[in-house]
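As a starting point, one isolated chain is supplied in structure tokens, in the form predicted on its own.
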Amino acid sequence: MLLHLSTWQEVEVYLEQSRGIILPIGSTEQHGPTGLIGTDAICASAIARGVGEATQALVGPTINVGMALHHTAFPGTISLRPSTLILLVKDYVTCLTKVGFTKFYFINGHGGNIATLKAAFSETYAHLEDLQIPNALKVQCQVANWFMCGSVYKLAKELYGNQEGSHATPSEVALTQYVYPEAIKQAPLSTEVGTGHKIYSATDFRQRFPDGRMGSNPALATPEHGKQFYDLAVKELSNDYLEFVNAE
């Protein structure tokens, strides 16, 4: 059940059965020479829909732009500042809490969002208590990173070994190829790829990782691999969501 394709009456009926909602969040950032700029949002959105179907959960609109300031030296990247993303998450959760939602399950596709999301949850809990909103003390937020699922990580290592890398990875590129086979990109990849450097400013990032990849070889990706990653992530996160939403 997708929030944007529902009526308010349908959401009201849903709330009689469940107080949980899935919120996909990704990023709009460079993903190397062959990765789509929307990769992180595409992956989070597709998996969230799959989890929603498997668990009969309501799925909210995808937060397409995340915290990706370190990628902004590459054309096409759009980023929110951490402070902006915190306010956005706080507003989302506050609006939904006012009408009865208490369990917020963020399916995340971008590692750069994790720290900001956790900070946003803390800010939100305090904000809701200050407002004395009914059900405020029942509100719980959780971030689920699909790429960190145990089954996904295991398959990526089996398929790609140390060529999985940590950004513009073949696993995430494969998933986008499965979702959008008409948008598969081909481009020459240098045999030399930046790896092992810490992340600082956007300018420094582009100097250290000149084509945007971080130790990865996305040329190994296939749509068939993407289907495997999708199925594993949906299964694992569906179980995790149900455990979360049914817990006290």
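Remember, predicted model here, so these are calculated numbers, not experimental data. Numbering starts at 1 and runs along the sequence shown.
Form predicted in complex with another copy of the chain: not shown, discussed below.
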Would residue 17 count as a contact of another copy of the chain in the predicted bound form, using a 4.5 angstroms cut-off between non-hydrogen atoms? no
How about residue 151 - does it come within 4.5 Å of another copy of the chain in the predicted bound form, if we only consider non-hydrogen atoms? no
Does any part of residue 7 reach within 4.5 Å of another copy of the chain in the predicted bound form? Heavy atoms only, please. yes
In the predicted bound form, is there a heavy atom of another copy of the chain that lies within 4.5 Å of any heavy atom of residue 35, even though the partner is absent here? yes
Contacts from 210-233 to another copy of the chain in the predicted bound form (any heavy atom within 4.5 Å), listed N to C, are 210, 211
